[in-house]
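Here you get one chain, nothing else, as structure tokens; it is the form predicted alone.
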Amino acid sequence: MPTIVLKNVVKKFGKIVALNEIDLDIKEGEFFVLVGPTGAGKTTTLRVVSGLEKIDSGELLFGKEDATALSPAERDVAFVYQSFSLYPQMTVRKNLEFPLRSPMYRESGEEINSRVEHVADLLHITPLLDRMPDALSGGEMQRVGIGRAIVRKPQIFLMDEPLSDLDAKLREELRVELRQIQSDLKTTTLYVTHDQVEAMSMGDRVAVLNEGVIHQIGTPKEVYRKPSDLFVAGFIGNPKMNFLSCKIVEGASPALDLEKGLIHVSLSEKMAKKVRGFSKKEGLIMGIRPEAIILHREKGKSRLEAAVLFLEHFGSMNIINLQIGEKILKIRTHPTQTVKQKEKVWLEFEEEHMILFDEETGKSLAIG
């Protein structure tokens, strides 16, 4: 299976720049996820790779082959769409057979039957082969759509939010199945989603895209733990990272002055050394994940007093909304840790998980 390489790719629609000099290097057999909000350029990237859209400038390579001028048919890619695009007049079996009966493949009847049976078994749809599409559930239809892509044995899978129209339970099941199938087939896959849970749970690597610009590429852990800028930090994570305006206070006991004196956080000598180089810099933002703020019932050194606003139950975790002055912070706790509205609590920031950002550029400042 080939690598997919995009070099300085630009795609415009009139005056709108949909892709702004993007670079991607997707490894052979990799499950690569492109994640971002609506209008980020995700689907345009897929259409460029498939050949459905021609790029305005840049290069597109499949392995070492220049694919920029190849037609969609010559690229040997399979596109799985968000909608359940089955032929309504054909049974499930005939829908799966259809790509193999095109003049391009000319497979024998025995080979077609063998491939269809294999794919049906892989996707657990063998009992559905003689049904018509209108007798299928949404999840069953999407399984057939995915099967129609797999049966061709393409060199590249392109998937455009294929699970977004399904209910939450079915999405979770198909995420696991789809990832396992791709792992078994080892087909290079570019998967697009706006759902960060899908991105973080499925991707070998993730690219975060917004307004046609790639902000960061890395493993899910890297993107979550070490966001490159404020956009990535705010987009990845549920709930999102807490942000506070910040100033570094020098002196015998180095500290962070947050929200113009509203919050004062003392620093260890180790952390003080890391941030000292930015002490004269104006316009800093400190970010900290909700799970990196520890809730205490009692006062203590370097603990900050806060009032409970309300608690959100999510089964496997609680999200507690807290108020310090006019600032609202969110923390994530174990589901057994409960609080009452208006209760007074104290917070401790895990300083090794605090990240500084330049407010003007939005870029993360390396303090690790």
Partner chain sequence: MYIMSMIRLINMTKRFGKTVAVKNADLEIEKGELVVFLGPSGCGKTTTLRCIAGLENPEEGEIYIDNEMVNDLPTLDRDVGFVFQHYALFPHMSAYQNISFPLRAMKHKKSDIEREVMKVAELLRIDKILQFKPSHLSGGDLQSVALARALVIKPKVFLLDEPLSTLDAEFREEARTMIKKIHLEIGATTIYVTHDQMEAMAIADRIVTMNLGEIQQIDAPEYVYHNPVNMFVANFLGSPGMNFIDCSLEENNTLKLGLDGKILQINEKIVKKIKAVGEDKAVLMMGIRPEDIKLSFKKDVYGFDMKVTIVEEIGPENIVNLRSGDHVVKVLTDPDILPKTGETVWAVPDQDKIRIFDQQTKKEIL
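Residue numbers count along the first chain shown, from 1. Computed from a predicted structure; not experimentally measured.
One more form of this protein should be noted, the form predicted together with the partner chain, which is absent from this view; the next part is about it.
**Report entry** Contact flag, M200 vs the partner chain in the predicted bound form, heavy atom cut 4.5 Å
**Finding:** Result yes; M200 sits at the interface with the partner chain in the predicted bound form.
Query - Proximity of H313 to the partner chain in the predicted bound form, heavy atoms at 4.5 Å - result: The answer is yes: H313 has a heavy atom within 4.5 Å of the partner chain.
Query raised in the report: Should Y191 be counted as a contact of the partner chain in the predicted bound form, where contact means heavy atoms within 4.5 Å?
Result: Flag for Y191 set to no.
Query raised in the report: Does D167 reach the partner chain in the predicted bound form, with heavy atoms at most 4.5 Å apart?
Result: The answer is yes: D167 has a heavy atom within 4.5 Å of the partner chain.
Report task. Choose one stretch from 109-117, 293-301, 264-272, 218-226: the one whose residues place a heavy atom within 4.5 angstroms of the partner chain in the predicted bound form. Result -> Result for this chain: 218-226.
Query raised in the report: Which residue among K247, R205, R93, R179 has a heavy atom within 4.5 angstroms of the partner chain in the predicted bound form?
Result: Only one listed residue qualifies here, and that residue is R179.
Query raised in the report: Here the chain is shown alone; which of A307, I328, L70, L61 has a heavy atom within 4.5 Å of the partner chain in the predicted bound form?
Result: Of the candidates A307, I328, L70, L61, I328 is the one lying within 4.5 Å of the partner chain in the predicted bound form.
Query raised in the report: in the predicted bound form, which residues of 330-348 put a heavy atom within 4.5 Å of the partner chain?
Result: The stretch 330-348, when checked against the partner chain in the predicted bound form, contributes K330, R332, Q341 at the 4.5 Å heavy-atom cut-off.
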